[in-house]
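In the structure tokens that follow, the same protein chain appears in two forms, which are kept apart as structure 1 and structure 2.
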Structure 1
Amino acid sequence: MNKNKTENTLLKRDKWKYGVIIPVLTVVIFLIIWELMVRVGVIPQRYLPKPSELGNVFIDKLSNPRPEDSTLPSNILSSLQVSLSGFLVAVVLGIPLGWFIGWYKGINRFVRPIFEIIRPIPPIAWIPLTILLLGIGFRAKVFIIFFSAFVPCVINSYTGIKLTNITLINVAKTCGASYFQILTKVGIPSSLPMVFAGIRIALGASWASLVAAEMLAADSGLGFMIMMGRQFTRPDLIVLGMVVIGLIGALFAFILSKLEKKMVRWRSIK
């Protein structure tokens, strides 16, 4: 047993070393190198801000609407509003559509051709048409986000329902369930893991295309902020925007994975 114990503490030490110490050190070294490069002048200040400046810029931008006429919080709020609206509409419409396409052959044959025409067009390619039709307001952006989130929602819920175990369907059939009952009682629950994966992809995609939409056509939002940062050659503003965009994206992914874990537990109890 003694030997076991040492093996065990070794394992723990390794975990500590590779999971905490080395990563933290790496980040610190990375930031120091970055700081030094800018300070010494290897990279000029007009190309890249010093990491030590970012904190000040962040605090300043919390209340300072210049140069693009809105503060950081209002930019974040505006971006969140747009992306979440588009995303939610896509989820509400896309997931049931995927279920029905996967379950009913008639709907499949009717919707599929249109869907297959639309699918390969990247959401970004919709931006020009949308701007011409809807202008550059809230509706236009929501529409673009909707497109980017809609496709993964449909594909994943379709795939999920297609993967329903045929034995389960047959069991339900022999119990005298109607086709619609089997869909709600068997097909939909068993498609949920795939649906969740789809939602995660959709959220990531909608956040990315939100940035694109705001950069191409907007008067507020984080994408607009970094675009203005470029216009006024304010790299500090750009990097701040990138950090915030990245953080929010990571936060979304984190929340969703937590939610998904909860769902999985519920599934295993059932």
Structure 2
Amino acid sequence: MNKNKTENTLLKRDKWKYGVIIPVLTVVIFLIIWELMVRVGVIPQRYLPKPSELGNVFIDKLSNPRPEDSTLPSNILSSLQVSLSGFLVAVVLGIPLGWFIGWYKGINRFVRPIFEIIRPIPPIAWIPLTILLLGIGFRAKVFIIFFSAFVPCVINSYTGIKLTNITLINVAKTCGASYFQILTKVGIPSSLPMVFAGIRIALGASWASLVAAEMLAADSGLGFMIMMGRQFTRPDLIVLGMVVIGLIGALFAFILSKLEKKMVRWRSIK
């Protein structure tokens, strides 16, 4: 009893140490080095603002719409609305498609050739055509996000279900399970680790494409704010937009890791 209690205490201590203290300490050290390098002139301040100045810019942009005529909360909300719309549609359509392509040979032979032609096309290459067809509004940006997130969702769900243990499939057949039952009870659960890996990749790709789309054709959003920072020679706005994107991405990654732990309980995740 005492041994188990000691082990649990050590596990909690290690979790706090490696999950909280060390990551926070790493970020603090990075910010200190950044601040010192700018202060001593190793990096010119006209190219990279100090972290202490970014805090002031952040507070100012919460209510100040200049120079791009939009406050920071409005830009964040605009980017989140577009990014999550395209991302969620890609997840809902891409993951099942990957499962079906990997599981059913007929669907594989029919869909995979078309998918293999479309897959290598960079999402940014769709931007000019999308602008011609849909303009620069909400639907155009959602389509670009959808395409960038759709491909990794399909590939990873396809790979995950193809890696299903053949022994588990044979056991299910022996027990009298149908092909569809094996898919839902064996194939899909075993593919979830790869599926979540694909969702993480899709999330990063959707943000990258969103910033590119907003920098090319938009009137609001974090990418638009970064572009305005370049036009008005405001490196503080550029870096602020980059930092906000990074923080939002880290938050979504944290949420995905928690969701994965709940949905893939049979797999030990550190």
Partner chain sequence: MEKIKKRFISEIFYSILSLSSIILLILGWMYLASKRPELFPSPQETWDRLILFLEKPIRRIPLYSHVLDSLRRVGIAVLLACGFGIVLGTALGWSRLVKSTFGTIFELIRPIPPIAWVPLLTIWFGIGEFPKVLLVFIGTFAIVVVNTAAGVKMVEPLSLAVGKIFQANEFQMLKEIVLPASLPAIFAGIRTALGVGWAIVLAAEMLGAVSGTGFLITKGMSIGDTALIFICMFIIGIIGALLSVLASFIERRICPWKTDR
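What we label the rigid core is the largest C-alpha set whose atoms superpose within 1.5 Å from one form to the other. Quantities reported herein were computed from a predicted structural model and do not represent experimental measurements. Numbering for residues begins at 1 and runs along the sequence of structure 1.
Undergrad: Among the two displayed forms of the chain, which is the form predicted in complex with the partner chain?
TA: It is structure 1; that copy is the form predicted in complex with the partner chain.
Undergrad: Superposed on the rigid core, does the Cα of residue 43 end up 2 angstroms or more away between the two structures?
TA: For residue 43, whose C-alpha is compared between the two structures after core superposition, the shift is 2 Å or more.
Undergrad: On a core-based superposition, does residue 64 travel 2 Å or more at its Cα between the two structures?
TA: No: residue 64 shifts by under 2 Å between the two structures.
Undergrad: Residue 257: how big is its Cα shift between the two structures, in Å, with the core superposed?
TA: In the core superposition between the two structures, the C-alpha of residue 257 moves 2.4 Å.
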